[in-house]
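Next up: just one chain, as structure tokens, the form predicted on its own.
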Amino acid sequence: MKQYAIAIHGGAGTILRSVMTAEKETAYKKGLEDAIIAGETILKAGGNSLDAVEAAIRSLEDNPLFNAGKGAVFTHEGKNEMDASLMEGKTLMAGAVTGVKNIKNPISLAKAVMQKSEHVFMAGEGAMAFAKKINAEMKPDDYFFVQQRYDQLQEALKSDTIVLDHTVDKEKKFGTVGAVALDIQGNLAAGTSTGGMTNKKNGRVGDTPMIGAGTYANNNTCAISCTGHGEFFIRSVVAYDISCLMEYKGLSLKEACEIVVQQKLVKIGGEGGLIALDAKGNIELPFNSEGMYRASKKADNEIYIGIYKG
């Protein structure tokens, strides 16, 4: 029987041990562990990688600590607008949504776009009409109200700045959640979900819902989910670039990640990281920021959980 593997992230940025309380660190680690277990439970039972990715991300979307689903940040207009995408490596089928509101689990809506429509990417009102048509689970505005997120918006409005998720003493954190998985059938999948940037202007879209930029999966190469300053990840087509380096240059997953995250992105000022998994079950969790909430698990191995650099 082939081995399964899963990795997740809960955002990257200036995440410093010096400003993290013990209680908060414990809560973040518990959130990451819960998500890994949600995905692994499916893989362990012989389920497919796409369902495992969805389950792991739903767990993170339901946790107000992470900027996705329930914990989504506020836009300039004081709304919660969410983006998500996912892709499976066997067929290269994919689904994505952007600018959706009141959707409890945007990752599941993205999956529905892939499986229940003839499209890949749906936006705004059209995506919401589709959500209603398939009876996607909706929640009222107050479900998404997290005081800390609202306070971040008030701070951002005062200085008229766009804030990359919750800031600690003006430090940056790129809030996205994502998962990549390999099932025992040898199939890869990847998914990403976010609430975007605090105080983002109407119509702004980051890399999260863009196949090839924030999410990509191909059984011949790898599965990738990104987190970082989306504009740079879009311009670098990060997720697909790693796959291309493996497919066309024959690089290993580690080598491809090193070139894209530590060299190409750094050169243009792009901060953040990603989680990567290849068809052999190799896992890479590279980032060029001060930290990245991350976790991974291979069959029969202990769960790895990391937050800071080193």
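Being a predicted model, the structure only gives us computed values, none of them experimental. Note that residue numbering follows the sequence shown and begins at 1.
One more form of this protein should be noted, the form predicted together with a further copy of the same chain, which is absent from this view; the next part is about it.
A single residue from the set 135, 202, 148, 159 has any heavy atom within 4.5 angstroms of a further copy of the same chain in the predicted bound form; that residue is 202. The partner is not drawn, yet in the predicted bound form one stretch among 183-191, 102-110, 116-124, 67-75 has residues with heavy atoms inside 4.5 Å of a further copy of the same chain: 116-124. Contact with a further copy of the same chain in the predicted bound form, defined as a heavy atom within 4.5 Å, is made by all three of 212, 237 and 241. Among residues of the shown chain, residue 29 is not one whose heavy atoms approach a further copy of the same chain to within 4.5 Å in the predicted bound form.
In the predicted bound form, no heavy atom of residue 155 sits within 4.5 Å of a further copy of the same chain. With a 4.5 Å cutoff on heavy atoms, residue 279 does not count as touching a further copy of the same chain in the predicted bound form; it lies far away. Within 4.5 Å of some heavy atom of a further copy of the same chain in the predicted bound form lies at least one heavy atom of residue 245.
Contact residues in stretch 72-90 (any heavy atom within 4.5 Å of a further copy of the same chain, taken in the predicted bound form) are limited to 87.
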